[in-house]
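This document starts with one chain, in the form predicted alone, laid out as structure tokens.
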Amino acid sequence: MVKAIYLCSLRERVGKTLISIGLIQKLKKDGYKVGYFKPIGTPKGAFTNKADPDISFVMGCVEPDDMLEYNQISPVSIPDCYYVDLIDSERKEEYQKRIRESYIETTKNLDYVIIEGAQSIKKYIRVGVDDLSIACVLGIDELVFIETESSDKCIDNLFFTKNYFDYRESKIKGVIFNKIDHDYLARIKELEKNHINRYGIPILGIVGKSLELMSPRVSEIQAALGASLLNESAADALENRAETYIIGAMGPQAALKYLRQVKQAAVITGGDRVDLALTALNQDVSVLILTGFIKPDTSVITAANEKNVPILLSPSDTYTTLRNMERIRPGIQQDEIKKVLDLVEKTIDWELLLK
């Protein structure tokens, strides 16, 4: 009988997709037949592309043992945009039946299946297709909770979730702390003894924040902004990653103070800020983003070419450019799959997780 590892969270963007990729890779490495299942996909558009990018992302990074049709891996599709108007409780039984049938078909001949839950355990509760309801329909009585809070608020989140699970007569198999700031890792160990253990929730793993995997490539920034590359000679640097963003709205001396504290930065400023652009190019910068589609002075282009730093011309203003960058979800390339595997393999308590 297939064993299910159902990943859930209290909020979105906790790294369920990355954890899924790592778990699949590790189990495949150990010789198990592994599948991937996402009961409810979240496409970008309501009426255009019905595919969930996370699903395509996972399937592109790893090759589950049974390569199935998209609709079988994710039988229900509900876009975020106006989703309250697009789903109602009258379709609850239809959705649950579709999910169960697809799950049974998907998990044939598998040892394990990794199930990626919704953005939040609260999502779709109004219509009876939330994570806990789906788990009940599939006969799964315990779920793995993902927590990313690098502060003592994580205890409040665990306490709330534990009480909620008890109320719903469900169980938390354990918690995986993911994307945790490195200066908070030791604190979790302190909290485990006096607080986390009190709730009877095992810690299944503590995964530190990986800037290398979480930072977008310059090419991903370019695509998200709809920006033009001004200096083609630096095109090979589009694969570099930007670990942090800096808004260049101050003077060069003030900006220098921040630029010296960071590395692989994406600097966002106006094309008319020649002084700031030249100051940034003398530091560890991955990309220079000029807003308003304003081309800079030739001295900036020359300096960028010498440093092999791409210059992107954004068609939007600075505020909109930053907002678009914040929505970027960095992808993992084939050459980074092993890094994901190593990260998960070293930090997960596999004996507890698979018990």
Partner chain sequence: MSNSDISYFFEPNSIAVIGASSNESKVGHTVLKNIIDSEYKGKIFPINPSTEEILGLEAYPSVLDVDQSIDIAIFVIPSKYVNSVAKECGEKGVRGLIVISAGFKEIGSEGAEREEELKEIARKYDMRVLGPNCLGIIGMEFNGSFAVETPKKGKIAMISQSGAFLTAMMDYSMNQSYGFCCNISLGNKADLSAVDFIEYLADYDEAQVILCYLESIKDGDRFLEVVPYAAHKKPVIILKAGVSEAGARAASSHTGALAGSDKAYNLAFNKCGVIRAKTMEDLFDYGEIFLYQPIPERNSFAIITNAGGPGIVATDAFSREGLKFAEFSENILHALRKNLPREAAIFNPIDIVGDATPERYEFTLKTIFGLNNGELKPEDDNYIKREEITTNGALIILSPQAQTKPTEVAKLIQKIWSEDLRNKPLICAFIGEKSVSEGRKYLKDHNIPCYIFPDRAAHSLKTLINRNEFLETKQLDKLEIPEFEVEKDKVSKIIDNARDDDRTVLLATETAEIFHCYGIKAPQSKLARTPREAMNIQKEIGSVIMKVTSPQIVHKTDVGGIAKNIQTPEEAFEAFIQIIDSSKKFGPQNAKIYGVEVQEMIDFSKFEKITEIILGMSRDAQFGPMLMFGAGGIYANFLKDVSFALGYKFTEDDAKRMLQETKIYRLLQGVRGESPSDIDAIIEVLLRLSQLVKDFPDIVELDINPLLSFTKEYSAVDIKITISRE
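Numbering follows the first chain given and starts at 1. Note that the coordinates shown come from a computational prediction; the quantities given were computed from them, not determined experimentally. Take the two forms, superpose them, and find the largest set of C-alpha atoms that agree within 1.5 Å; that set is the rigid core.
If you look for the form predicted together with the partner chain, you will not find it shown, but the lines that follow are about it.
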**Prompt:** Within 4.5 Å of the partner chain in the model of the complex: all of Ala186, Glu190 and Asp284, by heavy atom?
**Reply:** yes
**Prompt:** Of these, 175 to 183, 115 to 123, 83 to 91, 96 to 104, which stretch puts a heavy atom within 4.5 angstroms of the partner chain in the model of the complex?
**Reply:** 175 to 183
**Asked** Glu142, Asp166, Asp111, Asp275: which sits within 4.5 Å of the partner chain in the model of the complex by any heavy atom?
**Response** Asp275
**Message:** Considering non-hydrogen atoms and a 4.5 Å limit, which listed residue (Ser299, Ser316, Asn308, Asn324) is close to the partner chain in the model of the complex?
**Reply:** Ser299
**Request:** Determine whether any heavy atom of Lys153 comes within 4.5 Å of a heavy atom of the partner chain in the model of the complex, and answer yes or no.
**Result:** no
**Prompt:** Can any non-hydrogen atom of Ala223 be found within 4.5 angstroms of the partner chain in the model of the complex?
**Reply:** no
**Request:** May I ask you to state whether Leu211 is within 4.5 Å of the partner chain in the model of the complex, using heavy atom distances?
**Result:** yes
**Request:** Give a yes/no on whether Val262 approaches the partner chain to within 4.5 Å in the model of the complex, heavy atoms considered.
**Result:** yes
**Prompt:** Superposing on the rigid core, is the CA of Gln253 displaced by 2 Å or more between the shown form and the other one?
**Reply:** yes
**Message:** I want to check Glu232: does it shift between the shown form and the other one by 2 Å or more at the Cα, with the core superposed?
**Reply:** yes
**Request:** Using a superposition on the rigid core, decide whether the Cα position of Lys28 changes by 2 angstroms or more between the shown form and the other one.
**Result:** no
